[in-house]
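So this first bit is one chain, no partners, the form predicted on its own, shown in structure tokens.
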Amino acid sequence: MLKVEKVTKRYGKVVANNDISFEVEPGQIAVLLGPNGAGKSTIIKCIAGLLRFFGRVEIDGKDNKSLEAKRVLGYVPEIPAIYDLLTVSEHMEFIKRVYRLDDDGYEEELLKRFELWDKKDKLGKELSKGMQQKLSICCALLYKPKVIIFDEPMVGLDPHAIKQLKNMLLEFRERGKTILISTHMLDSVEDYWDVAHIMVEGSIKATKYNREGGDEKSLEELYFEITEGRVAEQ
């Protein structure tokens, strides 16, 4: 599971994240929703261990800065972190060596699902932005992490890749993996979210669970009430 406790991140006098707390259980897909500048990417980077912060983050019961936590965390950044002079295959080989993985055929499965198998000999710098994003996803999933965090994963992907990623997210949920997705695109998560946290100005302003029945507002209604209501008050 993923546990975020009272995380605050400041850049000088600017508070990017203000006392954020939430949990994501195994077999659950959680989403962080909010407009640009809401602090979504900052909390994702804090969870990934890329930023210093006040508070605590636990991954599978371990502090997120520990090696034990890093071994079970998969992270897909908003901007693909691709090596220009490594081929697609060499990227995957690098991950396999770092995590000491056996060749179980999962590399081929991932590359084929994201239509990169025929591009396996292309250099990173020769790939389009969308292909780089698909390769970044494959690298993050190759070692089969228990906890997976995505920062705007659908941006730049073609329709086939979006469909494959959504299918895989549902498969991961069935396998009990813990999934957190940060996005400002409501329509990209409307089919499969379990819990949504709506962020504005560095804080979580509302949390909604995806339950059938009842007269509750839809996620879209709640989202625009919070985000556009804030604009109207200013």
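Numbering starts at 1 and runs along the sequence shown. Everything numeric in this text was worked out from a predicted model, so none of it was measured.
Just so you know, the form predicted together with a small molecule exists too; it's not on screen, but the next bit is about it.
**Student:** Since exactly one of Ile179, Ala38, Cys46, Ile198 fits, which has a heavy atom within 4.5 Å of the small molecule in the model of the complex?
**Tutor:** It is Ala38 that has a heavy atom within 4.5 Å of the partner.
**Student:** Spell out, yes or no, whether the shortest heavy atom distance between Phe224 and the small molecule in the model of the complex is within 4.5 Å.
**Tutor:** Taking the distances in the model of the complex, the answer for Phe224 is no, it never comes within 4.5 Å of the small molecule.
**Student:** So, in the model of the complex, is Ala16 in contact with the small molecule at a 4.5 angstroms heavy atom limit?
**Tutor:** Answer yes; at least one heavy atom of Ala16 falls within 4.5 Å of the small molecule in the model of the complex.
**Student:** Using heavy atoms and a 4.5 Å limit, would one call Asn64 a contact residue for the small molecule in the model of the complex?
**Tutor:** Looking in the model of the complex, residue contacts with the small molecule do not include Asn64, since no heavy atom lies within 4.5 Å.
**Student:** Given a 4.5 Å cut-off on heavy atoms, tell me which of 56 to 64, 190 to 198, 171 to 179, 28 to 36 is the interface stretch with the small molecule in the model of the complex.
**Tutor:** In short, 28 to 36.
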